[in-house]
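Here's a solo chain for you in structure tokens, the form predicted on its own.
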Amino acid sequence: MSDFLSMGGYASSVWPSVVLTVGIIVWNVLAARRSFSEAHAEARRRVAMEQAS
């Protein structure tokens, strides 16, 4: 296990890259979900305004 974690001496560049990549993917998913929720709420508001007219 220790050999795997040391990545043949490249662990100091591999693991930060992995952490950064996972962080960016998580942020991207969260941002997309938030954007979708906002767009969905806006669409509901527009439909409600259309029906009220």
Partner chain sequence: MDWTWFHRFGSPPHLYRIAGRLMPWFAWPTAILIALGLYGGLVLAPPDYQQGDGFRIIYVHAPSAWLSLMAYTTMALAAGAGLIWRMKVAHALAASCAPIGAWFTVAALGTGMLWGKPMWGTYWVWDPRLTSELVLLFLYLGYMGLRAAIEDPQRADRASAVLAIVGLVNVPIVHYSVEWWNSIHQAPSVMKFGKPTISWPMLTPLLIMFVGFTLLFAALVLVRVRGEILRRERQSRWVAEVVAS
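Residue numbers count along the first chain shown, from 1. Just so it is clear, the structure is predicted and the values come from calculations on it, not from any experiment.
The same protein has a further form, the form predicted together with the partner chain, not shown here; the description that follows concerns it.
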query: Exercise: Met49 in contact with the partner chain in the model of the complex, heavy atom 4.5 Å; finding: no
query: Partner contacts in the model of the complex for 32-50 (non-hydrogen atom within 4.5 angstroms of the partner chain); finding: Ala32, Arg33, Ser35, Phe36, Glu38, Ala39, His40, Glu42, Ala43, Arg44, Arg46, Val47
